[in-house]
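Next up is one chain by itself, shown in structure tokens, the form predicted alone.
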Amino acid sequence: MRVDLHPVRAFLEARHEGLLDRAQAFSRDVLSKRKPPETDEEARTEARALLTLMGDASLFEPIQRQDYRGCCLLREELAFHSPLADAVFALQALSATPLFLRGTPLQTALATEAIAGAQMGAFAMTEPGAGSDAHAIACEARREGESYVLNGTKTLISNGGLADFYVVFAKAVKARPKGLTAFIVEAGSAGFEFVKPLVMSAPHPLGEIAFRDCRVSEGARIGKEGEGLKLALSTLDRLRATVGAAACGMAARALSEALQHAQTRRQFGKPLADLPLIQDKIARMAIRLRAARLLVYEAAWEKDQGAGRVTLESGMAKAFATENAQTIVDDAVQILGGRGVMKESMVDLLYRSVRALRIYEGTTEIQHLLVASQLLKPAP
């Protein structure tokens, strides 16, 4: 089964078909021949390798073009074959987008290197005491002449300990009390510390980092003091629908695996697919997936048409797609039975991988609050 353009074609342009063809060729020629990593160390090595391969294949280009439907297509295709490849794409998007939005020429050049696969980025916002509540961020950037000195800890950072540069959000002393400022911190900077890896059930480079009197130049600041939160929210608003696309890719793979198994596995003298309860599961899986894809591509289409913010659309897309992808993957495990929980099973990897999508870049609960806040706004 391949990503089906037909249900979402109304939201796409002719160029998107060529982009998907290129991504599917990459999946066929590269991803299909690579073994999924089993340990954190293997995941770190593989993520680096995938960065180079994806850069060479120009798969990150839609990030630079701010083509969010293109980003959705790529994440859906990559997630279908490799949750780790999808994560590599997601982190390049999260780290490069703020630089394309507010960066100086030098910062934009760094983002361009990331798009080429020559630099690996990370998005460092979460802290031990600050997750959904960004105002609770305690990492501090103290101004000293033409430099800033950063102190604080960031946790649950994808590519932590692996990235070449980090987009870091900290409180600048002279900014308004709740204002954040964004900075680029290179991994080799004095005072930057990779504290430890954080190991997930599905291998994915994650870690804790710290800044101990880490000095960066004024040129490392992204945008103005106090505008970091606005930049972070703008970045997440643009990319949130792509998380839903990744969820759809994982769900589509789970459905494909379930269909293949149901048609070949015989029980009670006939294929599982002949059993009404299995047919009911498969139907519900397909319906949930199609509905999720429509929400995802509608949100990305709105942004590509020039909408300032797509908080309502992207919140709906992420919440619905990730929650239903979890259900679809779980149903696939159930259809495969014992085979579905074996370590070598693709649906087992999907089961461990899809869960995080309901949390990162804004939990489902936060998305519901955002959607409700949009609906409850006074009419203009």
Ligand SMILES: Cc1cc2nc3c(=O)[nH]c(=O)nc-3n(C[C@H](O)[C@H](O)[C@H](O)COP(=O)(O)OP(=O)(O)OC[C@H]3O[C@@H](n4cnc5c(N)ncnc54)[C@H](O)[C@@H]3O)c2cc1C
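In this text, residue numbers run from 1 along the sequence as written. Small disclaimer: the values here were computed from a predicted structure and weren't measured.
Absent from the display: the form predicted together with the ligand. The rest refers to it.
Residues within 4.5 angstroms of the ligand in the model of the complex, judged by any non-hydrogen atom, belong to 124 to 132 and to none of the other stretches in 101 to 109, 212 to 220, 274 to 282, 124 to 132. Using a 4.5 angstroms heavy atom cutoff to the ligand in the model of the complex, none of L31, F80 and M346 count as contacting. Interface residue among V310, L156, L289, I115, judged by heavy atoms within 4.5 Å of the ligand in the model of the complex: L156. A heavy atom within 4.5 Å of the ligand in the model of the complex is found for exactly one of L12, L20, A356, L370: A356. For the chain shown alone, L162 is not a contact residue for the ligand in the model of the complex, no non-hydrogen atom being within 4.5 angstroms. The ligand in the model of the complex is not approached by L233, whose heavy atoms all lie more than 4.5 angstroms from it. Among residues of the shown chain, M200 is one whose heavy atoms approach the ligand to within 4.5 Å in the model of the complex. Residue contact check for A172: none of its heavy atoms lie within 4.5 Å of the ligand in the model of the complex. Taking a 4.5 Å heavy atom cutoff to the ligand in the model of the complex, the one contacting residue in 72 to 95 is L91.
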